[in-house]
Ligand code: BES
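Just the one chain here, laid out as structure tokens, in the form predicted on its own.
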Amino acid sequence: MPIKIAAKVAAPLTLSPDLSIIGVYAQRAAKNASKKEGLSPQLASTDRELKGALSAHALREEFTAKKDQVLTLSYFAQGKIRKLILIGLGEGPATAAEARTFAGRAARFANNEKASSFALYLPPGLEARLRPLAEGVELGAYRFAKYFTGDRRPKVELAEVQIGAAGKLPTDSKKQIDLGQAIGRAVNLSRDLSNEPPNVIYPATLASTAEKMAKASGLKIQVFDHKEILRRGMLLIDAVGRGSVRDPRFIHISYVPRTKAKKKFVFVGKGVTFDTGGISIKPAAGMQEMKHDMSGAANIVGLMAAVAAIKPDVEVHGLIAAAENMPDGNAYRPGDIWKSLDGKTVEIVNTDAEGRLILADALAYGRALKPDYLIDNATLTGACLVALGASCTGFYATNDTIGDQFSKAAGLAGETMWRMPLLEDLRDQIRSDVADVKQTGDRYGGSITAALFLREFIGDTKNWIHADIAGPAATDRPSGWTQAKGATGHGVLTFLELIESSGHF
């Protein structure tokens, strides 16, 4: 059921919800608290309504509204026990990413309180951030609960959010909110696809979901079945998928603006819908999480849904190479040599390094589209987790200009990413004695050699980004606007920011 979000100029508590959540800037909250004179002017009327209980509680709990600080107060009004939550926003003013996180945390609180509705009160100035606020509500309210039954199934779902603004609302408030919700739902589509079990999402069903999204969004889509993959010479995708009874797919989704496109973007996603490791089989512990090995592909589906919503003046293509990596008698082996779409031969060293193989064919296909920017994303290496931890994407860039642009986009989107070096000294590790290139290098520097391998297939593309999302693609704890365990859709907002910012570079 879609969440109904509406904004109006209103003072705190005037909307009389069971749950009220107020964003507070630090300097305004702390100004008078030490003098025991109550809270800032923003909260003065609320404190009077509560007969000074709010200021007294804030003083007792040493609430100064520093970033992420929370103060909770229950009170009795109109015959009901109601709850008020203050969320600290730091010094302010809040950026778009901070506004998104604020609204996401508020929606998480609402879910935890089993509230079907809540009021979100904004500090002065934040009414200009209605789009990221609406994004945050959708993202924070997200739960993957479709397979729960009986008592495990949530009894209440968030249905309505009333945004109360202190200042004048923008004239296009509804448009901003609608767009924000569309983007939030697009990211949640990515999360849904990655969270689905591998018996539900496999190459064919991933393709059919992409087709449904494209049809609903007015996008063009082509899906290559196994026969077409072979006919086109995408033999690395074929190699990875050979061990499964579920045939691979290649998906090409296109958005072309009505006016002449100023730039062309091609985004590529790794879609290994389940990764056993193949012949180089993984340990049993944690293997169930390998359903998330198609998070890069899921991001492409979500991104293209968001692109359809914002309708940019640039051309955008989303490419997905989808396969299931299984170890049957027909599976590819260490020691095999396979030819790629662009003709290069590849020596297989480890069948658990399958993602770079299907990406190689997808990148070769993507470069033929002559893009201005070629960006791939994949849960590619455990080495990236070792280097940067579980909450940060490592990305590689062919030049400083696109690297800086991508880093800035990530910062504006509020997604943690860090540029890694393409160390030429490690290139010898992927030089094969029996083929044009070897699939993997040594253990040390594994994320870098994986990026160097992928670079072999971008041709003369000037602006290429490889984003290794192995860490933050899924999480085991709530943070920011992420509600709980599972897929995050990490990367979609950065890619969208890069598209929207392209007019400035």
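Since the model is a prediction, treat every value here as computed from it, not as a measurement. Quick note: we count residues from 1 along the sequence shown, nothing fancier.
Quick note: we don't show the form predicted in complex with the named molecule, though the next part is all about it.
Heavy atoms of no residue among Ser217, Ser254 and Ala306 are located within 4.5 Å of the named molecule in the predicted complex.
Out of the listed residues Lys146, Lys282, Lys175, Arg333, Lys282 is the one that sits within 4.5 Å of the named molecule in the predicted complex by at least one heavy atom. The partner is absent here, but in the predicted complex a heavy atom of Asp275, alone among Glu415, Asp275, Glu196, Glu138, sits within 4.5 Å of the named molecule. Stretch 345-353 is the contacting one of 74-82, 181-189, 345-353, 116-124, since its residues have non-hydrogen atoms within 4.5 Å of the named molecule in the predicted complex.
Remark: Asp293 counts among the residues lining the named molecule in the predicted complex, judged by a heavy atom distance of 4.5 Å or less. Mapping the unseen interface onto this chain, Lys270 counts among the residues with a heavy atom inside 4.5 Å of the named molecule in the predicted complex. The named molecule in the predicted complex is not approached by Thr64, whose heavy atoms all lie more than 4.5 angstroms from it. Shown alone here, Ala470 lies within 4.5 Å of the named molecule in the predicted complex, counting heavy atoms only.
Shown here without the named molecule, the chain has Thr379, Leu380, Thr381, Gly382, Ala383, Leu385 in 367-390 lying with a heavy atom within 4.5 Å of that partner in the predicted complex.
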